[in-house]
Structures are given as C-alpha cells and as structure tokens.
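Quick heads-up: it's one chain on its own, the form predicted alone, in structure tokens.
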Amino acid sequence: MLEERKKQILQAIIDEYISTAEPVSSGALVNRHGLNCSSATIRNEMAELEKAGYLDKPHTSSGRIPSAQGYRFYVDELVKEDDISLEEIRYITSKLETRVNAIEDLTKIATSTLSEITHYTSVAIGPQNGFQNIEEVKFVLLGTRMLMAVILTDTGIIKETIIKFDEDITEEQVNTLNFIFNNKLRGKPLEAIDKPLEEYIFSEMNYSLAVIKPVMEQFNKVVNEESKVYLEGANKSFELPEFKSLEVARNFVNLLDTKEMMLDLLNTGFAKDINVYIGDEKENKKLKDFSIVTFKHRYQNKDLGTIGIIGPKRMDYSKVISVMKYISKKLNEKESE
C-alpha cells in the first residue's frame, strides 16, 4: 500500500500525463498541481515510485510516465467517478430519451453518445443467446411460397428472417406453424431452437419435408448467427499522439477487425459494474498499448449486451468511468419505464 504522499504524486503524474501526453517532470508537478512539498522531495518520491514499478522513465526524457501497474493502482484506488459536467449530463439524457423500437437501437444510441463525449472509440454487442428467452414466434405469409419469421425475446431483441419454399404454403399452414412454435418455444431460451425441436415438429405436423426443413434451416441460421458488433468513433483514436506510431495504429486496426477478439473482450469479466483492462492484463500481447473499459447493460438481471471503450493506456479513466456510470444508470431508468 502506498503512503499518502506517494498516492498524491502518482495521481498528479497520471493526471498530467493524460492531459499532455508528455513525460512528467517534478517541476511540472510543483507548478501545476500544488503539491505541498519541494521539487527535490517530489523527485525522490518519483524515483521510489519508479523502483516500485508504478512509473517508467523513457530513455530520451528526464520525466516519468505511468506504467501499467501505475494505471492499475490509479483505476482501483484514485480515479474520480464524478468527472461529468452538467452539460454532459443533459446531453446524455436528451440522447437516451429518443424513442426506439428495439433494444438494439437504444444500444447504438448509447454507444455513439459514449464516443461523442469521451472522444474515444466505443464498441457494443447485444446479449448472448443463452441469456434470452423467447417471448413470441410469429410467421407472416408474404407470398404463396414465402414466409417472414419473427422471433421476439424477453430482452426486446427481435430476430427476423425470410423463408422460401419449393411448394405453395396456405394460411391454414401458417396458423398451425404459429400455434406449434409458440406452444413449444414460448418462455424457452433461444438455444431451444435445435435439432430435437425439428424432430418434434415432424412428429406433430404431417407436413412435407419441403415445408418444415426450410423453416428449421432459417431458424437455426438466424439464432446461431454471431452477435453484431457496433463500432463508433474509430477515427477519433487516430487523432491521439499514440497513434502516430505505425505499430500502434496497425495493432488498433487489427483489433477492431478481429471480430472473435472483440467478442471475447466484451464477453468476459464483469465482477464489477465497470470493468477496466489495462495493456496486456488479458495475456494478449496485441493489447499491450491499449486499455478497454466495459459495462454490462442489464435490466432485472437480464443481459441486454455490453458497451465498452477502447483507447490508449493514457486514457482519461475518470471521464470514461464517470460517463459510463451515468449512461448505465440512465439505461436502467429507460428500461424500467
């Protein structure tokens, strides 16, 4: 555990580095952070913080920068969670009051709002299938050989697909499909749409394979499709000093382009309301230059998806966490209306 003065100096160094992106000297701390100690004392404390692993010293500078360990201590012990202005509160509130027809739309609005205020890249995914129960299945006849199937879940997520047939379908058959599917699936998790259901339908309905097989193929396809990844503000990151490095910029692009990695990053953790991963804490060297901050969008213990920020380790954690907490609070209020 750090002594109080070391905490104050570490916080001042990280705040200064976040603001300037330049290595921090003892003189800068004395001049701009009002620390009640001499420049010599600050230099000694900085040397001890470096020795303990909280600071790094770039070869070309006499100043220090935070290490991943320093950022971790800052996030866990020193970060402010009320770093949000009245203007930002009003803006978030106005954006999230927008009427939407589906949860996905609300998630997109929250994701774009987060990026607009923090000026970092924001990303979101919807809930996993295992956390959603089927509320209703609806078949609508679009033509003599075409159906639209709509699956509505208890989280407000709508999955829809078009099914084409090789033979004519009647309204009576559509009504029977609606009855059978709702009777079997209502209240069950999305994962209930599987092979045993197909066998059940064959036994319950004396329809030809040409009718049932296309329905099951499309249902399985739409239910098992990968979660959508929503991305906002990727261009903002390239304005940051860190991204002048070709390696950092390339790694960032590869990170955003690798959907499996994005899904893994957004679907792990959640021991806390806000989860912060700094550098390669997740044992992935591709993340060494970045930090990821995420929160679960939940309502009444239902998983409505994950929203996060991806940025450099020199991220304004106080701003990001404060804005995330407020957006999370407003989303829960929105869902309870």
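Residue indices: 1-based, along the sequence shown. Everything quoted here is computed from the prediction, not taken from an experiment.
Below, we refer to the form predicted in complex with the DNA, which is not included among the displayed structures.
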Just to be sure I understand the contacts: of 276, 65, 46, 304, which is the one whose heavy atoms reach within 4.5 angstroms of the DNA in the model of the complex?
46
Do residue 41 and the DNA share at least one heavy atom pair within 4.5 Å in the model of the complex?
yes
Please check if residue 50 has a heavy atom lying within 4.5 Å of any heavy atom of the DNA in the model of the complex.
yes
Although the partner isn't part of this model, could you tell me whether residue 26 comes within 4.5 Å of the DNA in the model of the complex, counting any heavy atom of the residue?
yes
Interface membership of residue 5, the DNA in the model of the complex, 4.5 Å heavy atom rule:
yes
Which one of these stretches, 51-59, 285-293, 305-313, 66-74, sits within 4.5 Å of the DNA in the model of the complex when only heavy atoms are counted?
51-59
